[in-house]
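First, one chain by itself in structure tokens, the form predicted alone.
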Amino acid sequence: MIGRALQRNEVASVWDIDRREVIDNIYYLVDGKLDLRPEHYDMRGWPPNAAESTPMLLDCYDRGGWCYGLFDASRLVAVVMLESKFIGKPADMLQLLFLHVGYGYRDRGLGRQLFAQAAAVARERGARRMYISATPSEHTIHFYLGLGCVLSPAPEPELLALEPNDIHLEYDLYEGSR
């Protein structure tokens, strides 16, 4: 496995990562608390319109966002993308825009490794916190909570409007998981 910065022409290859996943439970945010509900989804790939997000990923790249991938031979199997523009009040957060580990590569610590690398880059760039808009699946939310992320006390209005069903989290880059 080789890790390296993505080239601009490789950004769209995130949609080639094997997205398969069976989801049995989904989190909802109800009255400021997480509420886990049974919902079954057999994700056999990316949603049909996922590639429509490619311009957003390229914009992140072009603004100086950090885009890093893990490759098995020449195949991209995991990726992390960190925005470069600061958000929040005060403007001390960078958004973890994208983090995905492909089917067959999960539960090996790769997601934790990519998250830790993104956190280190965010600190180097002067951020105090990272903002995460996470898919509400039980596995995903447990992953982020296990790293020390917490519910965002004041979700970013623009990001909340963009992904209202996601769980909006923050990670303190200096406190981390205590």
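Position 1 is the first residue in the sequence shown; the rest follow in order. Bear in mind that the values here come from a model prediction, so they are computed numbers and not experimental data.
The discussion below concerns the form predicted together with a small molecule, not included here.
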Considering the small molecule in the predicted bound form, which of 110, 29, 57, 67 comes within 4.5 Å of it through any heavy atom?
110
Counting only heavy atoms and a 4.5 Å cut-off, does the small molecule in the predicted bound form sit next to every one of 99, 139 and 144?
yes
In contact with the small molecule in the predicted bound form (heavy atoms, 4.5 Å), from 148-156, 31-39, 127-135, 49-57, is stretch 127-135
Wondering, does residue 168 line up within 4.5 Å of the small molecule in the predicted bound form on heavy atoms?
no
Does the small molecule get within 4.5 angstroms of any non-hydrogen atom of residue 10 in the predicted bound form?
no
